[in-house]
Structure formats: structure tokens, C-alpha cells
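Only one chain is given next, in C-alpha cells, and it is the form predicted on its own.
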């Protein structure tokens, strides 16, 4: 009976996850022919190793890590601050809660077009802001990250607000009677109680940052130069400069990186997470 219930899920995973992963390994360990009438040649894992140690992979890894550092902490902190500010019994507070959560309905494409309209150095409203200028490649990644933070802010706000609403009022009232300040109540009581939500958001935002592509394609096209070419952007390869074997190797590297980061993140943060009875 258990196998019968598991069979549909196993079949779906086999078709859409396990088999594509197997094909990635196949392409990464075979040299692809230049002509279609030729068969691919097995070259072993040396080709995969060459891909994972190439400058393509290391530069993409660096840019992905930079993008993750820009987006995850800032997005999490802003979401928590907005949720704390909106978690009040005030007249009209629902209006502000709706405004703060509205970006959850905004697609990556829409958010990218909005920010492109604002900060484009040629046609944008803020032409003095040179974030997307060809002469300032260091700021291009920050511009893309800012778009992502704004687009993910609604999701972070909703989850943190829901976690705050589940915190019993009696605990904060008791802490107030004990002389705890608002800051001390927040870090000693509120943060431990909403830590499961924060752990979930941290993992989701990290995985989302490692899989960012659309905003980079819309805003910078990987430029200036290759300043915003993350690992996933190199895998998608819209410029068509990499072969299938190289992109398959990069995909395996991204898969392993995402799994390792998520596992390490969960193992470190879960020790500080408090699950209530």
C-alpha cells in the first residue's frame, strides 16, 4: 500500500528530476561532436573536472556569491523591520500591510522593467545614478540585487508577519512587567519564537539568489563585461559561447553548490531555532 501511494511521486521525480540529472552527467562526461551525424565520445570525469576548475566556473561562483551577499541579509532585515512596524493594532494598519506585501504579486520581469526605467543611464528618471553605466561595472551587481530585494520583500514580509501574529501576547506582557525594554523583548522573546520562519526564509532566499537569471538578463545582459554573469547566467548562456558539455558541467556544479549551502545553512541555523510545543 505504501509503495502504491509513493509510486506517483517517485515517477514524477524520476521523469523531471532524476533523469535530467543523469543526462547532465552524461553530457558533462562526453565530448559532443561538431556534426550531428557523429556520436558523442566518452571522455570520463576529467572533462567535468576541467569545467569545475575553469575560470568560467570560478568567476560565475564569485558573482553568484556576491549577489547572494547583497540580497539575502538586506532582504531579510528589511522584511523583519517592515513586519515589526506593521504588527500593531492601529486604525488603517491593514492598508499598510497590503502595501508592504504587494510586491509578492510582482513578477521578476515587471520588477526589472520598473528598476530599468528608474536607473537606466540613458533613458531612466535618475540619470545621475550610474549603477548600470558601462564605466561603473562594480555597481551593476548592486543594482540587480536591489531589484531582487524589492521583488522578494513582499514574501519576506508576509511570512514574518504571520510568525509575529502567532507569538502569544501574554509573553510580551509578562516581559514588560519584568522590566524588559522593547529591544530586549524583541531579541530575547520575539526572535527565538519566530526563528523557524527566519530559517525557512534564509534557505529560500539563498536558493533563490543562486538561481537568479531573469533580472540579470533584463537589466545588464551579464555586463558590463562579465561583471554580473552569475553561474546560472553562464549556464543559460544567452550569448551562445559555451558548448553543451560545459554548460552541463556548470549545472552540476550549481546543483552541488546549492545542496551544500542549503545543508550547511540548515545545520548551523537549526541549532538556534526554537520550536514551541
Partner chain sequence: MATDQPAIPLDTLTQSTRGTSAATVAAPDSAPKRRVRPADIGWYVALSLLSLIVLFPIYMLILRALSNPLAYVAQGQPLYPVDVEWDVFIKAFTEADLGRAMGLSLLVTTIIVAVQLLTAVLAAYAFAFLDFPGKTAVFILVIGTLLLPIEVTLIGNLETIRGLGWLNSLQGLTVPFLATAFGIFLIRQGFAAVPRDLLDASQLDGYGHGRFLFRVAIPVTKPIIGSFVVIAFLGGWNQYVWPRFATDQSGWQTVQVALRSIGSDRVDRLNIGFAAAILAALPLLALLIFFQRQMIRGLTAGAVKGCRCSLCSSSSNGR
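Positions refer to the first chain, counted from 1. None of the values given here were measured: they were computed from a predicted structure. Rigid core here is just the name for the largest C-alpha set that superposes within 1.5 Å across the two forms.
What comes next is about the form predicted together with its partner chain, which does not appear here.
- The partner is absent here; in the predicted complex, the one residue of 232, 227, 61, 68 having a heavy atom within 4.5 Å of its partner chain is 232.
- Screening 77, 162, 174, 191 for any heavy atom within 4.5 Å of its partner chain in the predicted complex leaves a single hit, 162.
- Under a 4.5 angstroms non-hydrogen atom cutoff, its partner chain in the predicted complex lacks residue 48 among its neighbouring residues.
- Contact annotation for residue 29: none of its heavy atoms lies within 4.5 Å of its partner chain in the predicted complex.
- Interface residue remark: residue 102 is counted as part of the site for its partner chain in the predicted complex, having a heavy atom within 4.5 Å.
- Its partner chain in the predicted complex is not approached by residue 220, whose heavy atoms all lie more than 4.5 angstroms from it.
- Note on the interface: of 180-188, 110-118, 69-77, 137-145, the segment with non-hydrogen atoms within 4.5 angstroms of its partner chain in the predicted complex is 110-118.
- Annotation: in the predicted complex, residues 238, 254 and 258 each come within 4.5 Å of its partner chain through at least one heavy atom.
- Residues are counted as partner-facing when one of their heavy atoms sits within 4.5 Å of its partner chain in the predicted complex; in 82-106 these are 82, 85, 86, 88, 89, 90, 91, 93, 94, 96, 97, 98, 99, 100, 101, 102, 103, 104, 105, 106, in sequence order.
- Once you line up the core between the shown form and the other one, the Cα of residue 13 ends up 2 Å or more from where it was.
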